[in-house]
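In structure tokens, one chain follows: the form predicted alone.
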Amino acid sequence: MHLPDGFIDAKTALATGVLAAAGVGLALRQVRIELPPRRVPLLGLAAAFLFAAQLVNFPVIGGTSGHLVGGALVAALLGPAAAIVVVTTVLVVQCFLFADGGVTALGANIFNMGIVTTLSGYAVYLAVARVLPGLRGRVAALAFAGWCSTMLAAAACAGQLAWSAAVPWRVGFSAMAGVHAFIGLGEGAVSALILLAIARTRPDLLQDSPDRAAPPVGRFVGLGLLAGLGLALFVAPFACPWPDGLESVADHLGFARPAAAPFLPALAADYRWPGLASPGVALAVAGAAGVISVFVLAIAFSRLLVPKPTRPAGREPERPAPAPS
């Protein structure tokens, strides 16, 4: 669902850019207020894993593929504000390092995939989880929330295309909703399975779990980062090569435009590391570089935003009692 340059006009790019900047700004402020310092590394892990997961397209129907967006999933794990920061970090790296999504359309992509999927998915997840209590209810709630968030993001994208006069609203919405209804099933299923795995192994990492007496997250983050690198290196080169939902709709309806000249040169356009002859190896190396980049960037943002815990005023650290003479 990454809009490239040339699909939306200037007014749409400007309007979505303003909305995206406002949403991300509010999310950054909320993260600074709410995120406990011990959970800061989880933002880096979520960004790295999400980037790696988006490299793995899965087949749907009619020669079309889809991939995880992850807004609802990360919101269920870390809260909606942190999820907006995580997804935005991934989209920025995808745009500027890999030319996945246009620079002029970055605001629209952040609005659709970073804000719409996160807020709508989190709202649906909370509403359904209240009706279906327990772990099974939460897993079912996230599966439905993942599907709903994908559909709403597709509708937002169709609206932006219609406002840009690229395709009539009814035609664009019907096509986008039709294909993303199937992509949303994959989104919901993958999100639910990841939530279930985390709830079984590390329930303290869920968003509403208490922080007291929780084991350190460092080892979990390290293992998760290795899992993300494994996806990029060994799974992404064998992902489904079919066009994604937006590309398929654009080809079918005939509003795909010739690629515009890049606003900025990308280091590894189309996820191909320069200088490597093998397409699979070039993709694997680019994917691994992207996983590390989003991890470092998300951690850096979080460290700047979240203040370190301070010792209460007037309290001195305990000193060991002197040994008896």
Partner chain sequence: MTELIPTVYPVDRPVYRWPAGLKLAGALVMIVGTALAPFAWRAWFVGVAAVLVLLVVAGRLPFRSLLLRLLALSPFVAGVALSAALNPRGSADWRVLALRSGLCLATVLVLAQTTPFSAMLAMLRRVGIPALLVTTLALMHRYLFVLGDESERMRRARASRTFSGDRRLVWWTAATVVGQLFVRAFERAERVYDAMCARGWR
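Rigid core (definition): largest C-alpha set, two forms, superposition within 1.5 Å. Residue numbers count along the first chain shown, from 1. These numbers were taken from a predicted model, which means no experiment stands behind them.
Keep in mind that the form predicted in complex with the partner chain is not shown, yet the notes after this line are about it.
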Within 4.5 Å, heavy atoms only, one stretch in 82 to 90, 219 to 227, 145 to 153, 115 to 123 touches the partner chain in the predicted bound form. Which?
82 to 90
Taking 4.5 angstroms as the cut-off for heavy atoms, does F98 touch the partner chain in the predicted bound form?
yes
Are any of the heavy atoms in L77 no more than 4.5 Å from a heavy atom of the partner chain in the predicted bound form?
yes
Looking at the partner-bound form in the predicted bound form, is G290 within 4.5 Å of the partner chain by any heavy atom?
no
Does at least one non-hydrogen atom of L231 fall within 4.5 angstroms of the partner chain in the predicted bound form?
no
Quick one: from P168, G137, G178, G159, grab the residue that has a heavy atom within 4.5 Å of the partner chain in the predicted bound form.
P168
Of the residues spanning 44 to 58, the ones with some heavy atom within 4.5 Å of the partner chain in the predicted bound form are G44, L45, A47, A48, F49, F51, A52, A53, L55, V56, N57, F58
Rigid core fit then R38 CA moved by 2 Å or more between the shown form and the other one:
yes
If I superpose the two forms on their rigid core, does the C-alpha of L55 end up displaced by 2 Å or more between the shown form and the other one?
yes
Explain in one word, closer or farther, how the Cα atoms of F301 and F98 are placed in the predicted bound form relative to this form, where the distance changes by 3 Å or more.
farther
Output row for the F301-S149 CA distance, |change| of 3 angstroms or more in the predicted bound form, reads closer
